[in-house]
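Let's start with one chain on its own, the form predicted alone, as structure tokens.
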């Protein structure tokens, strides 16, 4: 079967790829295998620098992906808030290795934009509001990733039906839609709303390349949209996870002491670091690729889990998404032709 035809947008033209899809950077999930498979299929993919325990291991992973892709573009996600202990070190590695694009999250991207632009790379910034999107545009961001309600991880509060056109009307840079997308029909809808591309996370957890346990992948396939809840107990910022008995037991809110420490200007930085470390450990134990699961299951996922019915190779996911997208766009054109 031939590959789906290319679909040009501002995103694909910027980075020279066929399809306006980014396999989003996911903690514990995205690695050399997943990123390489998606990119070879004609789309884009990114990986969090913190998926590797040391800067040296992260640099080795970047070089491995570069060697596999032979110049094709891929990205890295950097957590840029003050609680991230490796932000500056990992940024320098990205610059030295000339990573084609960087996605910033949870903080000011000012230094990332400055440094990556020095080496000719692009910077995309996660945003959930117009106010922040305007700030990163003014700082020189090359695009924003509009993280809306329904996303996995740190989801935004606004419906994608509102957030995408709202940002598109007000910004001069490309807008990439994220949140609740797992099918080609949804990609077509996002493009019709004005998006220049889409970022999918949860759909790529349910792939053969994702380096997580089969239990995690099965949980994605089994989950309904109603099973996704927002918890503060991963990083102190609302994050979407699959509801399990363990999540019910520990609750979704921070305890009063943590709330105080996170608000106090003298303790905020260290409290965030402690909460992020504890949350990361919980995610790591539940998602480890050994296949062993315990009752302490903390699985990050978005509402699009309800639309995911199988575990497939990443390349097949990309091809399926694009075929569905082209079919949906064709149906939209037919609707216009059929009107009197």
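Numbering follows the first chain given and starts at 1. This is a predicted model, so every value here is computed, not measured.
What comes next is about the form predicted in complex with a small molecule, which does not appear here.
Peer 1: So in the model of the complex, are 73, 174 and 197 all sitting within 4.5 Å of the small molecule, heavy atoms only?
Peer 2: Zero of three within 4.5 Å in the model of the complex.
Peer 1: Examine residue 52 and determine whether its closest non-hydrogen atom to the small molecule in the model of the complex is within 4.5 angstroms.
Peer 2: No.
Peer 1: Should residue 205 be counted as a contact of the small molecule in the model of the complex, where contact means heavy atoms within 4.5 Å?
Peer 2: Because a heavy atom of residue 205 falls inside 4.5 Å of the small molecule in the model of the complex, the answer is yes.
Peer 1: Even though the partner isn't displayed, in the model of the complex is residue 306 close enough to the small molecule, meaning a heavy atom within 4.5 Å?
Peer 2: No - in the model of the complex, heavy atoms of residue 306 and the small molecule never come within 4.5 Å of each other.
Peer 1: With a 4.5 Å heavy atom cut-off, would you call residue 128 a contact of the small molecule in the model of the complex?
Peer 2: No, residue 128 is distant from the partner.
Peer 1: Counting any non-hydrogen atom inside 4.5 Å, which residue from 314, 62, 26, 43 sits next to the small molecule in the model of the complex?
Peer 2: By the 4.5 Å criterion, the partner-contacting residue is 26.
Peer 1: Since the chain is shown here on its own, which stretch among 128 to 136, 163 to 171, 110 to 118, 197 to 205 would lie within 4.5 Å of the small molecule in the model of the complex, judged by heavy atoms?
Peer 2: The contacting stretch here is 197 to 205.
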